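Take a look at this single chain, the form predicted alone, given in structure tokens.
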């Protein structure tokens, strides 16, 4: 792994994003002897926000930070150039793409892999940032077992919010489902939630503050009709207000779905020739580390085939 770019600005492949999908794509590109550049603000991505990971094959129990360090260690064995920067614009060229970054650097490549993931929509309330990773989380699949036997809150009223509440009910004696609006989900799912005795719906309520000491101890909620405020003793807050795919910089020429996700086929190809995408930024369902890594590998292999065909 060579983090120093030197004077080289033209590449066969540029990978944008340094999470599991981007790093895996980098490994596979390097193994194919592709002249590749990986551009990312920070290596690691979403796993860095996960205190504990128990569903990545080969590790029964590992922190997100430790898993990312394993990924980084693996990258060191390969000749992959890395630039710590943020891509702000991508434009198609006659025979490839032009990539512009925040720092003002401009790079070109014959093929691209976009693996920029997604950003969780925040509640924007006091305590949310301070207790992230200390009770505030965005992934029930990753973190639900950590709250075994403890009361928790789920913020949101969409399908994913209700699914998260049901999942948490397998571990927690009390799950507050807090939504400022009526639930937006199918009737079968609504019925399941209503029939689950461990779930306590608070519809028409909004979280206004998250409080605690070293870890979350309570959430303060407000009734939007009466303005009444109350505190709920909880050890965890699962924010399920949705995610925003980081796809804006290619949205002017790549097809997105209604969620803003890049639409890909089973080979990781987008509607634009030479541009591939992988991981949470795409419409591939089930946003998991192991799935993102697999999609990154697949995108790199198919990008390699594309480059060979171009030659």
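As the structure is a prediction and not an experimental result, all values here were calculated from the model. Numbering follows the first chain given and starts at 1.
Keep in mind that the form predicted in complex with a small molecule is missing from the display, and what follows is about it.
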- Does the trio 61, 170 and 201 actually contact the small molecule in the predicted complex, every residue with a heavy atom within 4.5 Å? no
- Counting only heavy atoms and a 4.5 Å cutoff, which of 126-134, 79-87, 187-195, 219-227 contacts the small molecule in the predicted complex? 79-87
- Is residue 26 close enough to the small molecule in the predicted complex to count, meaning some heavy atom within 4.5 Å? no
- Query: Using heavy atoms and a 4.5 Å limit, would one call residue 272 a contact residue for the small molecule in the predicted complex?
  - Reply: no
- Is residue 266 close enough to touch the small molecule in the predicted complex, meaning at least one heavy atom pair within 4.5 Å? no
- Is there a non-hydrogen atom of residue 139 within 4.5 angstroms of a non-hydrogen atom of the small molecule in the predicted complex? yes
